[in-house]
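Encoded as C-alpha cells, the following chain is the form predicted alone, with no partner shown.
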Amino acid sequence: MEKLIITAALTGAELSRQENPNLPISPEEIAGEAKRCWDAGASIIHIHARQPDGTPTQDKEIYREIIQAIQQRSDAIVQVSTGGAVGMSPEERVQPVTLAPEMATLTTGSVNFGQGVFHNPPEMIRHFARKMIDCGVKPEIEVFDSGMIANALSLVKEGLLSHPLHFDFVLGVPGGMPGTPENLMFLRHLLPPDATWTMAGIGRAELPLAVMALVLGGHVRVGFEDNIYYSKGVLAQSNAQLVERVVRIAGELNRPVATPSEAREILSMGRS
C-alpha cells in the first residue's frame, strides 16, 4: 500500500471566526497554520485566501503572499483553490493558477452547494484545464457527484487532462453526494486503474471516511474547510490537531505518512 498523503484544507471560503475563533485569515496566520500542519505530517496545503476582514477572495496577489510565506517555512506542496466562493466569476476564480503553484483544484461539474449553486459549466472547466496546462500545474479533480468522474475522463479524450489522474472525493456537502461508506466505495470503483484519490469528508463524515480511505489505500484531506469540530460539540483547536489525529490512526494501521517529496512521486508530479 502506498504511503499516505495528508492534505490540510485550512480555511475554505464559507467559515467565519464566529463559527470557530481559531480560523486563520491573514497570509501570516495561514502560513503559520500550514507550517504546523506540515510539522504534524501534512504533505499538501490546500489554500483559500481571505481579505483582511475575513471575506473570501481569489486575488492573486494575496495568494502570492500566502504561497511565498508557506514556501519560506516548509517544502509542502501548495494547492490553490479554483473554486473560490459561490458566485465568483470564472476569471476571478482562475487567478491563482497564473502564479504556477504545484497543484490546483479542478471541479468537473456543477452542484448545488447549500443554498447556492457551484457553477462549473463545460467550457469553463476546459478553460481552467487549459490554464493549468499552460502554467504547469497538477490538477486535483474535485468530485462532488459521480458524473464528475465521467466528465474528467472526457477531458482526457480531449487532451486537456492526462493520466495518471488524481481525484478528491468531497462527500457530505448539502446538495452533493452524502458522506456515506457506500458512496465512497461506488466512486472508487469508477476510477481508472492508475488513478490516485483523496477522501474529504464534510462535517461528521470527515473522520469515518478518512479511516475508510486509510484502509482502502486512498489518501486523506482534513481541516477547517471541511469540519470545524474535533468531536461532537467540541471545536478543533487547529487544523494541525486534525492532521495529528489522522497521523496517529495511520500509525495504528501501519500506514506510513508520505513526506512532500514522496507525495510528489506518488502523484507523478514533475517537480522535485
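This is a predicted model, so every value here is computed, not measured. One-based numbering along the sequence shown.
Form predicted together with a small molecule: not shown, discussed below.
None of 84-92, 177-185, 151-159, 130-138 except one has non-hydrogen atoms within 4.5 angstroms of the small molecule in the predicted complex; the exception is 84-92. Across the proposed site, R50, F224 and S238 without exception lack any heavy atom within 4.5 Å of the small molecule in the predicted complex. Within 4.5 Å of some heavy atom of the small molecule in the predicted complex lies at least one heavy atom of T105. Within this chain, I25 is remote from the site of the small molecule in the predicted complex, having no heavy atom within 4.5 Å.
Mapping the unseen interface onto this chain, E19 falls outside it, with no heavy atom inside 4.5 Å of the small molecule in the predicted complex. Interface residue remark: A250 is not counted as part of the site for the small molecule in the predicted complex, having no heavy atom within 4.5 Å.
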